[in-house]
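One chain comes next, on its own, written out as C-alpha cells in the form predicted alone.
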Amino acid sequence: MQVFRLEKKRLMPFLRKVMRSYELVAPVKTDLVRFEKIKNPKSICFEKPYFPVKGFFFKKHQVLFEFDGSRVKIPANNEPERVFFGLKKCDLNAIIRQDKVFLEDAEDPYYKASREKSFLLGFHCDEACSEYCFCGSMELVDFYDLMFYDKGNHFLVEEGSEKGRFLISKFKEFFKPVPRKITQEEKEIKGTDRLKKNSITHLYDHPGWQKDVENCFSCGACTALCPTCYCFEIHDEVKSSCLSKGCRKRCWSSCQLQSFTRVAGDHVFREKREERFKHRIFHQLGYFKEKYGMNLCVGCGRCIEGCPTRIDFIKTINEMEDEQRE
C-alpha cells in the first residue's frame, strides 16, 4: 500500500477541509472520551474513546418502520457521508465483526446505509491505551481506509482501500508520497499481549469462574461498552389514544439480562447468572470463532474498565491456565 507524509501543522487544515464535504466524527473528551460529530477539529482527543463507535452503524434505538392503520412507512435513508477519524485498531476490527453479522449473514439495510457512506481513518497506538488492553492477543488485521502513524513532527499515512485512495486524491495538497512501507515493527502495539491462551473451550466447567460470577451484577455494562456485541430486541410502540398508530423499534439488549432469553410461557433459557456470564465470555472467545474463523472479542478492554466491580476475565483465564499446569 502507498504511504504518504502529512505534516502535523497541516492536520487541522486537512480536517477543516474534510468538514466542507463530509460530516466529521472523532473522539472528543467531555466527562469521558466518546465519538461525536466535530464542529471544531481542535476539540479532537487522540485517546481511545471510553465508548465504542458502533452506535453510528448499529444504532442504540432504530425505527424500522412506522404504521398507521393499514399503511406501513419505511423511514427515509438520510444518513450523511461521514469521515470517522481517530479509530483505534480494536475499533476498526470490531467493524469487521459487525459487518459479518449485519451484512454477510443477512443484509441489514439500515446498517448497510450507514457503512456505505463511511470513511474509516485509523490512528495507530504505539502502546497499550490502558492496563486492560489485550488486542495483541486477538490476531487483529489491518482494516482501514487510511491509517495515521505519529512520527513526531509529521504523520505517515498508509492507504488501505479504494476509499482511502479516493480521499488522498481528493485532498492531495496535504499528502506527499514517500518511498517507504510501514514495517510490521511499526504496526505492533506494545504491552497488549495479555491473554496467554489459544483456546478456552476446555475451561467451561473450571471452578475458577466462580469468583467472577459472584462479583457480577448482571448490569449489562460490559455489553453496552463492547464494540462488537450485537444483541437486540424489537418492540412495537403505540399510544393508548390511538392503538392503530405507532412504530416498530430495534433497541440494544444484553445477554447478561435475565429477561433476554425469556420466552412465551415465562421460560428463561439462561436463568442463572453463571450461565449468562459464561455465555458472553465463550461467545466472545469461542462460539463466534467456530462460525466465522475469528474471535468476536477485539481486546479493547472496555468491558473490564467499565465493569462496576472491575471483573478482569483475562486475568481469571490466565490464572486457570496456571492452575492446570501445576
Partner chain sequence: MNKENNNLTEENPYVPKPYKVTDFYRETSDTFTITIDMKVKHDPGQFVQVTLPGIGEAPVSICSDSDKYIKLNIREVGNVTRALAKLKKGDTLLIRGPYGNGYPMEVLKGNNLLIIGGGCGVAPLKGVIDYVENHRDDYQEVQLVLGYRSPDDIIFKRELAEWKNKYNLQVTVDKNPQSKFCYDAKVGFVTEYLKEAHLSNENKVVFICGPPIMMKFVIDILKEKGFNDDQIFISAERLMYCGIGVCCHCMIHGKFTCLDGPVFRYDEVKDFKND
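Numbering follows the first chain given and starts at 1. Predicted model, so just to flag it, every value in this text is computed and none were measured.
This next part talks about the form predicted together with the partner chain, which is not shown.
> Since only the chain is shown here, I'm wondering whether residue 262 would be in contact with the partner chain in the predicted complex (any heavy atom pair within 4.5 Å).
Result yes; residue 262 sits at the interface with the partner chain in the predicted complex.
> Applying a 4.5 Å heavy atom distance criterion, does residue 130 contact the partner chain in the predicted complex?
Residue 130: no contact with the partner chain in the predicted complex.
> Is residue 232 one of the residues lying within 4.5 Å of the partner chain in the predicted complex, judged by heavy atom distances?
Close contact exists here: in the predicted complex, residue 232 approaches the partner chain to within 4.5 Å, heavy atoms only.
> May I ask you to state whether residue 171 is within 4.5 Å of the partner chain in the predicted complex, using heavy atom distances?
Because no heavy atom of residue 171 falls inside 4.5 Å of the partner chain in the predicted complex, the answer is no.
> Among the candidate residues 153, 199, 210, 77, which is the single one with a non-hydrogen atom no more than 4.5 Å from the partner chain in the predicted complex?
Exactly one listed residue reaches within 4.5 Å, namely 77.
> Between 273, 283, 29, 37, only one gets a heavy atom within 4.5 angstroms of the partner chain in the predicted complex; which residue is that?
Contact residue from the list: 283.
> Please pick out the stretch from 177-185, 233-241, 122-130, 136-144 that is in contact with the partner chain in the predicted complex, where contact means heavy atoms within 4.5 Å.
Going through the listed ranges, the match is 233-241.
> Would you confirm whether the three residues 59, 96 and 256 all fall within 4.5 Å of the partner chain in the predicted complex, going by non-hydrogen atoms?
No, because 59, 96 and 256 lack any heavy atom that approaches the partner chain to within 4.5 Å in the predicted complex.
> For the heavy atom contacts within 4.5 Å of the partner chain in the predicted complex, list the residues of 104-121 involved, in sequence order.
Contacting residues: 106, 107, 108, 109, 110, 112, 113, 116, 117, 119.
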